[in-house]
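The chain below stands alone and is given in structure tokens; this is the form predicted on its own.
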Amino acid sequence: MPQPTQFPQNFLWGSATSSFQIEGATNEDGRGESIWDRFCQRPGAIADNTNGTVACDHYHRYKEDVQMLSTLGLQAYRFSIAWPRIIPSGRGAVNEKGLDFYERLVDELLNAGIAPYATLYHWDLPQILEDNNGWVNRDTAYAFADYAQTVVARLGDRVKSWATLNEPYVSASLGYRTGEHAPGRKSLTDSFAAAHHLLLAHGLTIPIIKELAPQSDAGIVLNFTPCFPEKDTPQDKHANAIQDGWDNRWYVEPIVGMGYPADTVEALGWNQQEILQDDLNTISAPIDFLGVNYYTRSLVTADNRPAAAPLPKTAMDWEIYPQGINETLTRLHNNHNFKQYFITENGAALNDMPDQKDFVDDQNRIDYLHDHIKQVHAAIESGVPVKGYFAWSLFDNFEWAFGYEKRFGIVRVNYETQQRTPKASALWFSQVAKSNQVSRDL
């Protein structure tokens, strides 16, 4: 029988969520409208015609949810803060009840011995800012910095890790280029502007965190999708290089001071008019960690037709490619040498089959997590300073444009009763966290 794989001492095991996906209470205690509240009202925008009004009702059940984290033996919890809860009009008046909620959550976590890992933006922009052109408007970056200052001033003495943004790629590309996500725009030009202003927001905020919470780590969470040419042809290889620039280099390279990837900028025809003097210096403010979200790979064809993907897939139709997480970490470290990395999201939506007691025996999710965690260990063995792993997601939740159809959780949520039931994967992951080692048969 193979020996369990031991992780380094003090390696952090946690799980992750985001505000709009779990909180609900969208109309309570002074919260303002977000772009996702508005987007959910658009006919056909959400696959099952649902919304985030209740979601997992975490706003009311946070104590129960922290207890779940504690029972599972997880040492850290990554969550996001809803900007519309804190500053409902995007700028200006602060909603104290919103701050109070996150203060209660953070204190509850600390009392349970769980480290809070906060993300300041996970896609829920105040709608009033979108009415003023959203992330296409440079002013939104400064509004974000003001919002961040408000939050960090209140919680910075207790939260020891702050991420500015979650996956700005998704905000800019799916929100402004393809229209699949809120605010539902379809403009390549807008997506360039949004991407730059998101990064500007990040760069403006890092010094604020360092000033107000000098004992805290400050970083950003980016998603990476390693891509490969479908065929070994010059055409597919060229298309792959451009795709790689957009998917994997567009955000990380400006952050490390390299500017935007020139090959992709040229191929996509961006005139870079949004870049003002000193912007790139602001964006490249030193960070303490890089959060890495990894799910799958992509195969690229020169003619944009769907490639024949040979590997098994999740319910999202994403190939299961565990070695990609090692390849991503190794490439990032070889190229950019960040001080530390966290796997801030990794997980799988699968077609869960609950029994009569709402238990899900998701051996396939255990396989997914096991194989990816083993690859994280391989990256650590090769010298990449990965300090923690957060499974996505703690709960089944509102999966954006898919509504409640896709379930990523290691804990099942019965949306009719709000009952939480740990799946087999949660029980397995709990043993990983408690033993600091991974084996398929823990």
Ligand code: FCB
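These numbers come from a predicted model, not from an experiment. Start at 1 with the first residue shown and count on from there.
One more form of this protein exists, namely the form predicted together with ligand FCB; it is left out here, but the text below deals with it.
Considering Phe192, Tyr368, Tyr295, Trp250, which brings a non-hydrogen atom within 4.5 Å of ligand FCB in the model of the complex? It is Tyr295 that has a heavy atom within 4.5 Å of the partner.
Considering non-hydrogen atoms and a 4.5 Å limit, which listed residue (His372, Arg85, His122, His197) is close to ligand FCB in the model of the complex? The residue from His372, Arg85, His122, His197 that makes the contact is His122.
Among 99-107, 165-173, 212-220, 258-266, which stretch has residues with heavy atoms no more than 4.5 Å from ligand FCB in the model of the complex? That would be stretch 165-173.
Taking ligand FCB in the model of the complex, would Asp352, Phe395 and Tyr415 all count as contacting it (heavy atom within 4.5 Å)? Negative, none of the three is within 4.5 Å.
Evaluate Phe39 for contact with ligand FCB in the model of the complex, applying a 4.5 angstroms cut-off between non-hydrogen atoms, and reply yes or no. Residue-level check for Phe39: no, no contact with ligand FCB.
Does Phe390 reach ligand FCB in the model of the complex if we count a contact as any heavy atom within 4.5 Å? No, Phe390 is distant from the partner.
Ligand FCB contact at Asp65 in the model of the complex, heavy atom, 4.5 Å: Output for Asp65 is no: heavy atoms all beyond 4.5 Å of ligand FCB.
Applying a 4.5 Å heavy atom distance criterion, does Ser15 contact ligand FCB in the model of the complex? Ser15 lies outside the contact set for ligand FCB.
Quick one: which residues from 307-337 get a non-hydrogen atom within 4.5 Å of ligand FCB in the model of the complex? The stretch 307-337, when checked against ligand FCB in the model of the complex, contributes only Trp318 at the 4.5 Å heavy-atom cut-off.
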